[in-house]
Ligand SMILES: Cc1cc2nc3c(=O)[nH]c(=O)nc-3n(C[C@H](O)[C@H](O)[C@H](O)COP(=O)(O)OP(=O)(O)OC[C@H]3O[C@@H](n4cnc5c(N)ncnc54)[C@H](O)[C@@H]3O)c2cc1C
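A single chain comes next, written as structure tokens; it is the form predicted alone.
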Amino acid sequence: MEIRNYSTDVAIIGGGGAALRAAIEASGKGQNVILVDKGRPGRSGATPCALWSVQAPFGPRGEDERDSPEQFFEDMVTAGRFIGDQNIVEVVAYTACDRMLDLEKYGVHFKKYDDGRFVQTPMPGQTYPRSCFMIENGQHMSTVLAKEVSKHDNIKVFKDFFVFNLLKNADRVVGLIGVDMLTGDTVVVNAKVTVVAAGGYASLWGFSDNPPTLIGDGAAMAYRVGAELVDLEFNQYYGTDVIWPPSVKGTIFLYELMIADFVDGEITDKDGNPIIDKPLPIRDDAIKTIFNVIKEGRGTEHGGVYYDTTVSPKTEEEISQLFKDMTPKHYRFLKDAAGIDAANQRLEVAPASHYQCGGIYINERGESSVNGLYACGEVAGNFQGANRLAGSALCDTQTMGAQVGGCAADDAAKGDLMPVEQSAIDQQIDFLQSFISDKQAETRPVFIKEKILETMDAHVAPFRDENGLQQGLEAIKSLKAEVPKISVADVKRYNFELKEALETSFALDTAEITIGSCLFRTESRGHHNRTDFPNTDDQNWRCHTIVKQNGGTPEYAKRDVIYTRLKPED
């Protein structure tokens, strides 16, 4: 097997908004960066799928002069049900405006008034309208950031590069090992510091609005090298994703557009009765309402509710123009793929897996619990809390992306390169080759992956109980026993089945510790709803849940939330 070796100051895993912004910041501090992505930077991950909403408290420079970083901080903390570490929330809230101005400098276009103020839209949970309107949505942002990365000579980019493990020397992460899909070579990157920015894992569930590649690589890699993960039970569902017809299943239509300022329509049960009050609730409350209506038998034929613009007092032309202005790609896709015009037809929608609020435990510098390992973006946890505000995900990619990239660069500049031991490389090569060797009783990774998604849909939906979670956990453990039977073709270039085998291995680890976290937290809060423990228990559970590998098995514990400015009793 051909092995190529590289060394660098900062290695970054991922190609979305957080990874790209971290690379730009580290490069700007004079450090050499290698960025690897299993897709194509600027086109992969969740960032290109995002809509226009990116929060920044511009105050007098925006929609409402009363807004401020302090108010953004408070809104984010309270929406997260006081489970977000405020040392990190501070970074997000107090640097958001500067990071949006960075995006403008790179070439991202925002809607603005003639006097130069940012157009900002209201979203549930925001005290004042705070969502800057990014023209052409997350795809535009991703493309611009990727172009900016290309301008930096000290950033080397590997696309179509699948990382299958982090590498350690003693107690420190010293880089990564992966497969260059273009050549089929195994590549070792030795780095002073390594940043995981590989995105979340919302597509570990079958019904999701995320790209199918986001199934837990980053979380599993960190877990395998001993990093602590946090609050994995808070998987955020979004309430109004199209569920029928199959050709457009998973297309997101924002329930936030139902206010009078926009569409002025309704979310209804099968009989046309409105089910969500106005002003609209924040996402965890909206999800509970929709799920309860479906559970009560008031849902539509295909297991959803109706997204109904036909009851709006506005004309069809006005509604159509609003969709063209606000969500043009989604509106057009629905027409092109299914012949449905959301301006004059009801949509069948249902809650879909959307975002992972938990992830790798970090501090305000992005440092994990393992030396040499950092994280940012959706793969990192402990600051969104139990629920995420609309527009805070893209904001996080830029604020914590820049923060972590800068801190990683500072630490790399002060440290020496610790080598990768050959024994660690040999061990990982054996793991990779195990999928290619001939086996008596073989199976294909796609069959295991399908069962993982079915298990998560069935047992780790927003409403959970011990019996269902235990069934799900046993199913995942049974599937893990099938991994040694995986056998894939021995193809050198673009061995997609090998990639799928590696993804399946990651997905099983992430699924196991997510279900374990759900079992560990015996209360209901935010996006974690235990029907056997329906109440919020602040006395025992206003804390983080931590999971860490110990002797090859997950170990769960509690940890205090960090409060810097706003305590729950205040």
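Everything numeric in this text was worked out from a predicted model, so none of it was measured. All residue numbers refer to positions in the sequence shown, first residue = 1.
One more form of this protein exists, namely the form predicted together with the named molecule; it is left out here, but the text below deals with it.
Scan 89, 198, 232, 408 and let me know which has any heavy atom within 4.5 Å of the named molecule in the predicted bound form. Contact with the named molecule in the predicted bound form is made by 198 alone.
Counting any non-hydrogen atom inside 4.5 Å, which residue from 472, 391, 372, 445 sits next to the named molecule in the predicted bound form? If I apply the 4.5 Å criterion carefully, the residue I get is 391.
Residue stretch of 113-121, 79-87, 198-206, 447-455 approaching the named molecule in the predicted bound form, non-hydrogen atom distance within 4.5 Å: This holds for exactly one stretch, 198-206.
Contact between residue 377 and the named molecule in the predicted bound form at 4.5 Å, heavy atoms? Close contact exists here: in the predicted bound form, residue 377 approaches the named molecule to within 4.5 Å, heavy atoms only.
If you check in the predicted bound form, is residue 128 within 4.5 Å of the named molecule, heavy atoms only? Looking in the predicted bound form, residue contacts with the named molecule do not include residue 128, since no heavy atom lies within 4.5 Å.
Would you please decide whether residue 252 lies within 4.5 angstroms of the named molecule in the predicted bound form, comparing each non-hydrogen atom pair? Result yes; residue 252 sits at the interface with the named molecule in the predicted bound form.
With heavy atoms only and a cut-off of 4.5 Å, decide whether residue 521 touches the named molecule in the predicted bound form. Because no heavy atom of residue 521 falls inside 4.5 Å of the named molecule in the predicted bound form, the answer is no.
Taking heavy atoms and a 4.5 Å limit, what residues of 36-53 are near the named molecule in the predicted bound form? Those in contact are 36, 37, 38, 39, 44, 45, 46, 47, 49, 50, 51, 52, 53.
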